[in-house]
Each structure stands twice: as C-alpha cells, then as structure tokens.
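Included below are structure tokens for two forms of one protein chain, each presented in isolation as structure 1 and structure 2.
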Structure 1
Amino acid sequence: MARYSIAIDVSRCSGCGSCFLACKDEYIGNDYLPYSLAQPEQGHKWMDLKEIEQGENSKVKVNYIPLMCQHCENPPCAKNAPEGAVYTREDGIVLFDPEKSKGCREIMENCCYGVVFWNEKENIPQKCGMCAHMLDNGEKAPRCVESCPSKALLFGDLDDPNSEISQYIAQRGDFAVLNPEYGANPSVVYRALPSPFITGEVILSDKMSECCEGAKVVCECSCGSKFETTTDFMGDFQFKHLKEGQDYTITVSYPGYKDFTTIVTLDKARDLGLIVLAK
C-alpha cells in the first residue's frame, strides 16, 4: 500500500500563492462526499503561506513556508474525538468524517499545528485532505502540488523507493518535519526551513571606498562545528542554517591586515554590519 507524502523545499518557494489559490478553487462551493464538505469563502486556509522575516539593517531575508495539514501518524486532532470522526487511511492520509465530526470543536482545538478550521455553517472542523478525492479518481498529485510553478512541492509514495519523492529525499538527505517535539510524526516533510544566519560586510581601513573581495571568514560554533567562506565582490559574507542559542566565533582575515574577531550569541539572525580591517 502507498504511504503518501508531500515534500516541500522552502528554498524554492517564492510566496506566489498559487497553491493557496488552487486549494480555494478546488474546494470553495464544492462538496466531495464522503471526503469533505465545501470550504467556506472566508476564514479558512487549508493551504497557507507563512511569511518568515529574518535579519536586520540592510541584510533581511524573507522565506515562505507552505503550511497545511501535516497528516500525522499520531494525529493530535484525534484525541478524544468521537469514534470514526478522525480516521487515517491505509495510504496515510488523515481525514475528518463530515457527519461523525459534527459539533466536535476539540478536533480543531487539539491540532498543535493550527491547520484545522471551524465551519460555522456546517458545525464541523475542516482541513486539507491531500485531495484524496482526486487521488482516488486517478489524479497523480493534489491541486497545490500541480499548481506550484517553482516545483517547491513534490508529492509521492514514501513506501516506493523508486518514486520521485523517495529518491529526491534520499539524494538530499536534509529533510525534516515541523516541530518534531510534538511527537505527532507528520507525513509532510520540509527542506531548508528558516534558521538563523550571520552576515556582514568587510572593507579595508586604507581602501574605504572599495569592497574587500576574497577576505577569509571563519565561523566556529561552541558546539564544535566549523564553517569557512570568503567575501564576495561586494565584500559580503553569510553563514546560513546556524543553530539558535549557540555561541559563534567569527574571525575575518586578509593578507597584510590585522584579524578581526568577535563572538556572537545567536538568538536571531544577526548582521555584523561594516567590519573594517586595520593595517
């Protein structure tokens, strides 16, 4: 049996909203019984785009995280729900029964990811069902995946080692789930989730009007990891995917100039600003 998943590469997501609009187009005004009733026109975001802004001064980076039902192996939404109201299919898709879930707000309230919405008119909880009605009718992927112009979303069968999604995850090896501390074991996985970074700009004290290209920059973490880069043609450098809460020692060096060293306690993305290397 298949075990369906969506793999999301956040680095490819431009925040265009195509996935969001495709979901609206598929579900607003359309019942797909026994899978779901129509999505209300207002208030529901079965597919959402979370905008994450990091950085300071002129060094700011914006990421977009497509967020929908995570189709958890241990769905928190099922806790204390009426029998059959929340069920997991053999292919791993988690669905709400539109009849058995009536009046059960606990289903919405127990979702730790905040991706379940309440339909006031129908008195039921609703969410992304991974377009199960489409898949059962022979479609190859949910609407959100079909609509993504940057191929940030990839759908497939994790139990098939030859599937595109399995091979892609195996090749990259750096996918993770959202909030693993919840213990929900989601089926949806992400790559390049936003994490703190350290950036800065280097110039030379006797050449203040010029950018310092090729300066060596070393980043050493208190956890033991070490990274190295060189400044680009604008004199800029950046270390990505760092760990929040760690101390990082940044050392900048250039032949004929004194080294610059500073220690950064990373509580957020940090811009070290203009670093001037003295003779």
Structure 2
Amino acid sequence: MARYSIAIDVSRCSGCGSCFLACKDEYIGNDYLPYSLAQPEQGHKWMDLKEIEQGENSKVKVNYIPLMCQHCENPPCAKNAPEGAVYTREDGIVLFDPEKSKGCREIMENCCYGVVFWNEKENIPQKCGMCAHMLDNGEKAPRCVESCPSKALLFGDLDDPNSEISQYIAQRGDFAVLNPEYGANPSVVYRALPSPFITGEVILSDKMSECCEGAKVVCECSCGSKFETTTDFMGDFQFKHLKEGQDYTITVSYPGYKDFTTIVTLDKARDLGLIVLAK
C-alpha cells in the first residue's frame, strides 16, 4: 500500500506560476484515459495559485498558496456520486471516471475545497489527478512538483517512513491539512500557511525618539493559550500563527512604566501600530 501526497511548503512559494502552467501543458489537449479527458482550453484551474496578502500599515505579508485537489481519504465529492464515478486508487489518488461521472454536477458542488471544475463540452467534472498517468509510466513526480523552481512542492509516499516526503514532514513537524473541520482528511498537506498575526511597535513616553527594546509582551487567547515575547532592538513584536475569530489580550510591560493592555478580536492580521508606554 501507498498513500501518495504532495507536501506544500508555502514559505518557499514565490508565486511564479510554473505549477499552474505545467498543469496546463500536461492536460490541455491531452486525454489520459482511463483517468482523464483533456482539460478545456479556458476556465479550468486544476492547479491554482492563490495570492494572499495580510497585514496592515507597514507590516504586510504576501504569500502564495498552490491549491488543487486535496486527494481526501473521505472525499466529500463522492457523496451522492454514482457508483464508481469517484474512486480512490490503492496509492490514495482520487480520480473521477470520465464515463461514470458524466452529468453529475453534485461531484463538483460537494467539493469543500472548490477545486473541481465542470467541463461543459464533455458534461463531466474534472480536477487534478496527481498525474496518475505519469506515475504509471515510471515518472517520479507529477508535473507541478517537477516544475517548481524552489521545491515548495514535494511528492512522495506518506506510508513509507523512509520516503523523502515522510522524512521532511517528520523533520519539520508542522505540516497540516487544509480545513481539518471538513473531516475529509486530505493527503495533501501544507506548512507555513498564512495565518493571522498581531504586530506592534513599542516606545516609551519619555524617550519618544528611541525604540523600546526588551519590553515584555504577552498574548493571551480566549481559548486559553498564552504566548510571550520581548520587543527587538527596533521595538517591534510579532505573534504569528494565531487563530481567526478568537479574542486576544495583548499586554505590554516595561519596568518603571505602566502596563498597556488591549483586546483584539482577530478577524484578520492586525498591526497595532505604535504603542506608547506611559510612566
């Protein structure tokens, strides 16, 4: 048994579009039966690239997320699909049978990740098939993975503890699936996904021309978790990887000055700007 996966390290993705193009080159005008019919010339993005901008003021981060079929263990697209229309290979690759899926729009509509497209001409749903035809042919990785210039995409077998992908995931320790709440348990995993952050800059009321280095900043989440940091030599602090929708209490303290406290309801990445500590 094998469970093929693509591990995506968002910190390495510069948004160059090579994966997007490689997918077009592989599938437009090319049938790979029994797995797939050709991708239409226009409209489909079996491999897409989402640009995510976050932050405020001068604290802005730009990231790119390659997004394609997540190859779920419990594929939501299979719900209500005709027998055999959505199937999972022994290696974990989820595929649509071009014959049996004909006319079944629900396959597309039920995908929680929005990565299934409708082919009007053929009257079928279509998506990334992890280049199963290439793997069958002895190739080592799907086209998108092959094409990535910064190795943000890594392909391999999750069931093999010695595979490069398993080792990399173990070594990093912070890969996770997209939207675990869907309960789909995808094979595709990500790390360094953009998550909300809180930044700010601290100065002291009687030393306004200098940055305040070494101020203690505590961030307490309404969910109970608590983080602590100190401002750097530029007076900046940053809490990364926070959760959307939670309330965070930020407390800044510095010996000899009054504490500063504020509560932030995190709907997106926030920059608290300049925080002046009074005597």
Partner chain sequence: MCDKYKFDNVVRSTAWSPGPGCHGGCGVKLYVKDNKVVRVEGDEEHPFNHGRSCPRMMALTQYMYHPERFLYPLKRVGKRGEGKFERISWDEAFDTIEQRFNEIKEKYGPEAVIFAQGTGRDIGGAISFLCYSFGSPNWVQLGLSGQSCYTPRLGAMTMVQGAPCVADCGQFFEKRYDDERYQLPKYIVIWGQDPSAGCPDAFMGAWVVDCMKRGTKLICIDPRNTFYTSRAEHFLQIRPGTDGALAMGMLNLIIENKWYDAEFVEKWCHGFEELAERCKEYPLQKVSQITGIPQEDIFAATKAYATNNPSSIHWGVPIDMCPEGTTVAQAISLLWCLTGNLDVPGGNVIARPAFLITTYPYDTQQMKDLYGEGIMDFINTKRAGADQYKYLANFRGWAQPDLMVQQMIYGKPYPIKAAWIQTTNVLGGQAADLNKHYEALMNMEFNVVVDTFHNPTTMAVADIILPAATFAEKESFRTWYTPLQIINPAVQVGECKSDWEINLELARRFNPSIREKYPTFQHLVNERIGAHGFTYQKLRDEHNGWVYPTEGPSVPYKRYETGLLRRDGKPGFETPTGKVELWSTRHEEFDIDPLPFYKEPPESELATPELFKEYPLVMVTGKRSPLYFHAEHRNIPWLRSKDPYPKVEVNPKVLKELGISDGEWVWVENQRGKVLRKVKASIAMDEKCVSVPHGWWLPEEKGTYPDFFKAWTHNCNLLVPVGNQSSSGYGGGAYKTTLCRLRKVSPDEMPMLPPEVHDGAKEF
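What we label the rigid core is the largest C-alpha set whose atoms superpose within 1.5 Å from one form to the other. Computed from a predicted model, the values in this text were never measured in an experiment. Every residue number counts along structure 1's sequence, beginning with 1.
Could you let me know which number goes with the form predicted on its own?
Between the two, the form predicted on its own is shown as structure 1, not structure 2.
Is Lys207 one of the residues whose Cα moves 2 Å or more between structure 1 and structure 2, with the core superposed?
The answer is yes; the displacement is at least 2 Å.
Taking the rigid core as the superposition reference, indicate whether the CA of Cys221 shifts 2 angstroms or more between structure 1 and structure 2.
Comparing forms between structure 1 and structure 2, the Cys221 CA shifts at least 2 Å.
When the two forms are laid on each other by their rigid core, does Gln246 show a Cα shift of 2 Å or more between structure 1 and structure 2?
Comparing forms between structure 1 and structure 2, the Gln246 CA shifts at least 2 Å.
Taking the rigid core as fixed, quantify in angstrom how much the C-alpha of Leu266 shifts between structure 1 and structure 2.
Leu266 C-alpha displacement between structure 1 and structure 2, core-aligned: 3.4 Å.
What Cα shift, in Å, does Phe233 show between structure 1 and structure 2 once the core is superposed?
Superposing on the rigid core gives a C-alpha shift of 6.9 Å for Phe233.
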